[in-house]
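Considered here are two forms of the same protein chain, supplied as structure tokens in two stand-alone entries, structure 1 and structure 2.
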Structure 1
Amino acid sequence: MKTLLLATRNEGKKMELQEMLNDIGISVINLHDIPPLPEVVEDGKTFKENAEKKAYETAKATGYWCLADDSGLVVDALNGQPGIYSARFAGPEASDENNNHKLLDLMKGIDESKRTARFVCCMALSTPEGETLVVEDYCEGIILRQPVGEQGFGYDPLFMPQGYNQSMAQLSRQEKNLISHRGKALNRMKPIIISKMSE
């Protein structure tokens, strides 16, 4: 079985990814499963720049094929915030709850029609030799007025996907994987992983 290193310590992301790659015989590990590495400084101006840098530097340092994603929430009424700062929106050590609280504060008084947003996922696959391939995808929706649901992580309880009357945090993992920005990006990346890792 081939091993793919996911450049994150987020166990939720690892679980989502392993479920989606189970059928092709690829084992997913993350940064918790290998000796400590220096943090990759995410100083890119876009999701793409950050994803490429994480994948390239981690693959080079470990010798593993590496998949990195940079994802975030882009809210139209906030001029694209939190964007690339989604994970640390309320500060460097912010919890999901802190970030959600800050988002709700900033969205107070914003009319339903102007609460549009999208989750963005840019995914980069890097070989140990430095070849990097990138895909990007989206999930459109709106920001709710209060958190709903217990599933998922991040901003899922505040995000209602287009065409649904439930938050992302009320969907089963299977449903979420079908429509989420990460699920859609991974579906585009999956054939690339299969063809590249079987070469």
Structure 2
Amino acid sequence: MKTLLLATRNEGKKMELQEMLNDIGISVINLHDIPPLPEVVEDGKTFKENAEKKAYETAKATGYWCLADDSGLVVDALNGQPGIYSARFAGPEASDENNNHKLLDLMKGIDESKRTARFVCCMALSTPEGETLVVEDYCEGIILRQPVGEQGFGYDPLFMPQGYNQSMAQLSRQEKNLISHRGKALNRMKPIIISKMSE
């Protein structure tokens, strides 16, 4: 069935037109039927709280199955910073470059052995009805002394995964997905998506 959008919020017009178009197999929607985009405020205190909130509110508002992740970099020498503030470490409108720069500054005097860190990914799946399921996974590594590599995004150029001698930003997407926090969290989530979405 093909969908025709009426450029109106008038429900009277929608009813009239749907009745007149039923016989030619056209489904009529109006502007009320296009889901509004929620502006979710990420004010949780943990990755889990933020992921759950984003998935739940977006699914509720739009009627879609919704997957949200909240992820970030946890640096031991910085007592867990930037953590849930990873995307806005250098300020609310910070670019990846700004954030990387701030991290390098803070890590200046810190020894090799104390540069341990992990990427954390918490992933939440919400049904349109609001049922929410959460998984979490990690990727251990160390913080480099300068950005390396052009792939990926975020702190990838400053992060060398355990057992590698390349930064996360030097790995191909396929390589990264195998070992990254998000790849591993998604692998946990996949069987849940398969079983829930085929219910």
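The first residue in the sequence of structure 1 is number 1, and each one after it adds one. If you superpose the two forms and keep the largest set of C-alpha atoms that fall within 1.5 Å, you have the rigid core. Not measured: the values here are computed from a predicted model.
Structure, 1 versus 2, that is the form predicted together with a further copy of the same chain
Between the two, the form predicted together with a further copy of the same chain is shown as structure 2, not structure 1.
Residue shift check between the two structures, rigid core fit, residue 10 Cα at least 2 Å
For residue 10, whose C-alpha is compared between the two structures after core superposition, the shift is 2 Å or more.
Indicate whether residue 130 shows a C-alpha shift of 2 Å or more between the two structures, with the rigid core used for the fit.
No, the C-alpha position differs by under 2 Å between the two structures.
Rotation (degrees) of the smaller of two rigid parts between the two structures, from C-alpha fits:
Angle reported for the domain motion between the two structures: 178 degrees.
Using the rigid core as the frame, report the C-alpha movement of residue 36 between the two structures, one decimal, in Å.
Reported C-alpha shift between the two structures: 5.5 Å at residue 36.
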